[in-house]
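One chain follows as structure tokens, the form predicted alone.
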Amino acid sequence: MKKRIYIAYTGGTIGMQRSPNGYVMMEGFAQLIEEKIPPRISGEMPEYDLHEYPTQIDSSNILPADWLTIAQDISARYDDYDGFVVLHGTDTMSYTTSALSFMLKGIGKPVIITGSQIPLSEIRNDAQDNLVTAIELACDFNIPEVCLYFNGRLLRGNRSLKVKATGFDAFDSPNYPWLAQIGIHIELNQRALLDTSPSTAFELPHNYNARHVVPLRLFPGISSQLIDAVLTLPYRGIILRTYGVGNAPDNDPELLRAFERASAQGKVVLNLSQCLQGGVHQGSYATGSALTNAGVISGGDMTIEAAFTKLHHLFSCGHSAEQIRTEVQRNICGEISETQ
């Protein structure tokens, strides 16, 4: 039987058109595909059903509740299609792909998220290749995980991040190999794919609206007063963006006591490096060990997007702070290296 692909168009640059105020989202993306993709190409494409979300989202406006909507959409149609493509804006695409990887943990079919830097409506664009290739990947390859495809690169969704604001090669995964490289041929990296038993026991908690996590970037001269101010807010998790392999000032006892107070209040304080490549090794320097003593836990080599959505997901599932301190350091679906 011929395979069928489900395409969820959530919004984003790929379907935008020019206006006096710049690019804006427009209805009628299916018609745009018919107009812009030549019959010689569209005639060779797999069968697909396109669902255009009634309220399209500029990805800068994305909320956790929107991640849940997309996950529920895929879950509800899981048995009816062989693969899934999600069209999404680039600004927060890595957040969405990471969030979907945790909600759809164990998925046995391809979920390919893509978009473009230039709309399909423009004569010169990257939208056509990204769309057509994402559909082909979702149809013809056994890729049992949530991925991000962009400009010839297939990336694990929860390892991806946007590295360029304007380049076509906007996304990369600095701490994990590409799942495939697409040029003249599609070269799938089988060893890099998840090796898990497929399961449809997806985790789709209903309280994804809650704002659970706040990232906080260290800078020279940071004061404990800033940490204490954050502790007055109703966030349950703090992602601490530290220096190098997870270092923070150890000559400021008030700052370290602020981290201790956070842990004592039941906050989960997760340590991530500000560096693009590599990860946290809190015991490598005394400055990192001081954080361990203050109750801060290592986030290994996770991206900020993966760490943020993972913590958010664990809180949304109702786990206690102690459970989350254990679970967030465990590799759930390929988002963190086992050696960290």
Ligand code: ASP
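These numbers were taken from a predicted model, which means no experiment stands behind them. In this text, residue numbers run from 1 along the sequence as written.
The same protein also has a form predicted together with the ligand, omitted here; what follows describes it.
Exactly one listed residue, out of Ser289, Gln31, Ser60, Gln274, brings a non-hydrogen atom to within 4.5 Å of the ligand in the predicted bound form: Ser60. The single contact residue among Asp91, Asp172, Asp73, Glu122, judged by any heavy atom lying within 4.5 Å of the ligand in the predicted bound form, is Asp91. Heavy atoms within 4.5 Å of the ligand in the predicted bound form are found in one stretch of 51-59, 292-300, 310-318, 279-287, which is 51-59. Contact between Gln117 and the ligand in the predicted bound form is found at the 4.5 Å heavy atom cutoff.
Shown alone here, Met16 lies within 4.5 Å of the ligand in the predicted bound form, counting heavy atoms only.
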